[in-house]
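First, one chain by itself in structure tokens, the form predicted on its own.
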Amino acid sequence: MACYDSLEKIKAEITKCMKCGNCQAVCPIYKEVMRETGVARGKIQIAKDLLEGRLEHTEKLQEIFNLCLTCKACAANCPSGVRPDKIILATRAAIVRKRGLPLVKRQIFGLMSKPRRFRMGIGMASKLQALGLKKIKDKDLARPRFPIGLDMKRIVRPLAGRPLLSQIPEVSKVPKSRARVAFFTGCMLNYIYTQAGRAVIEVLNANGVDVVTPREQHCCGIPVLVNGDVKTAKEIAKYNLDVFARGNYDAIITHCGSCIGAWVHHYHELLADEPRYGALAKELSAKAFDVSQYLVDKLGMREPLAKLNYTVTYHDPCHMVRGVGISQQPRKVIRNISGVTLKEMKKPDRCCGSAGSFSLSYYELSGKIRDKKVTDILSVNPDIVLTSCGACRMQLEEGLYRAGSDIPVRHVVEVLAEAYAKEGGVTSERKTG
């Protein structure tokens, strides 16, 4: 039984906390709210009291545990090796088991449990979004016309007119391929940043790799898991495992920290007690790579012949750098592009404050955390901000817009794809299969 199924399973982790308070120094939430319940130490004590029956599963406790970015800074800096992120997720799940989900989340997650309906719902939202969103002149950004579940001050990137999966062939082949991989697009690249999704395929093709992008794939399920809906998270995990087990792939390629974390860690943690799916999750986790990680560690990426002329800075997504330990590979990709200079900002791994649905529920607090990151970016004055996460990208785009900056934010592989294209085009032979 996983820790997400029983708070008792995380008891040993809870008792490891020495209450030293080192987590206060790195917690973005605590720096803003300055309350003990805002930091990992306070939440761990509450989890202990819940486990030992001294507290009830109240709405107030649910609110306290929602106040976490799951940025893992506390875990990375704990001298006792405690994993507060796991304790917090396990406690959220325990509270949801007792109290259930709020109505809006219950409806959204219910839709996500049905992949076909979810795709239809997003497709309908894409067609109708102009009714609820007003485009900002000369920008690929929009703001709400009226309350549609977003803060009225929120700036977002609208949904793409067509999802990535309907824009590309299912199979993108190259002559004399070195490998055959499956591409897990995730929601941000499939529904919003489709050009970044095409760039992933282009750079893999340019490195001699055939890319299969299964049509039936679904959200990675992390938004559901971090909100405590373990039942739906398991259903999504099983669905994706079934889809990607059908092909004989050398690797499964992702492009953001949440997606790679799902494949590397969360799927087999969730399904460890189910023999068939637990074994399948473990088998496929060994094949899962972030695109930068695969290019650098597995392929030895080909350096583009063409030269670009950019000064860039790189933002480390929390789930990428602390979740799966990937920080050098995106930087190696950047440094391998002739003419591109990487200028590091102060604390590039500082959380941007997005944390998926956190920025929807706590817009003002999320904005305060984001603005610190934007200040760091502006201090190095890059031509482009690069990152490896769509959710971070949207958060940074809003922050830079609010700061009056025109600095664009792009995925790392988009710049690499641009360099390959500049040298004469990507020599892939694409066909649908």
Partner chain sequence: MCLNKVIEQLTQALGEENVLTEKEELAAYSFDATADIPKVVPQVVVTPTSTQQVQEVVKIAAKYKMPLYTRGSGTNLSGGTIPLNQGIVMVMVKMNKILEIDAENLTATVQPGVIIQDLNDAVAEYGLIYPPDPGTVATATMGGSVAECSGGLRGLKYGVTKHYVMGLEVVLANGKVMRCGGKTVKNVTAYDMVKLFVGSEGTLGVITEIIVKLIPAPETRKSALAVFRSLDDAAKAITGIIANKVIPATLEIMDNVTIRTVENYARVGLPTDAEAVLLIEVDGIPEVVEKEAEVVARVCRENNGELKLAETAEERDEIWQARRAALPALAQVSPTTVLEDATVPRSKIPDMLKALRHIAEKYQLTIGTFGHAGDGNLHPTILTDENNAEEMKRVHKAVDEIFEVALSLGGTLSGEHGIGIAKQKYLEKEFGEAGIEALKAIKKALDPENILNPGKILKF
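Positions refer to the first chain, counted from 1. Predicted, not measured: the structure shown is a model, and the values here were computed from it.
From this point on, the text means the form predicted together with the partner chain, which you will not see here.
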Checklist entry - Do residue 365 and the partner chain come within 4.5 Å of each other in the predicted bound form, heavy atoms counted? => result no
Item to check | Partner proximity in the predicted bound form: residue 372 to the partner chain, non-hydrogen atom cutoff 4.5 Å | outcome: no
Item to check | Touches the partner chain in the predicted bound form: residue 376 (any heavy atom, 4.5 Å) | outcome: no
Item to check | residue 402, heavy atom within 4.5 angstroms of the partner chain in the predicted bound form | outcome: no
Next on the checklist: Within 4.5 Å, heavy atoms only, one stretch in 377-385, 51-59, 391-399, 404-412 touches the partner chain in the predicted bound form. Which?
Outcome noted: 51-59
Item to check | Residue among 80, 248, 309, 107 with a heavy atom within 4.5 Å of the partner chain in the predicted bound form | outcome: 80
Next on the checklist: Residue by residue through 6-26, which ones have a non-hydrogen atom no more than 4.5 angstroms from the partner chain in the predicted bound form?
Outcome noted: 15, 18, 19, 20, 21, 22, 24, 25
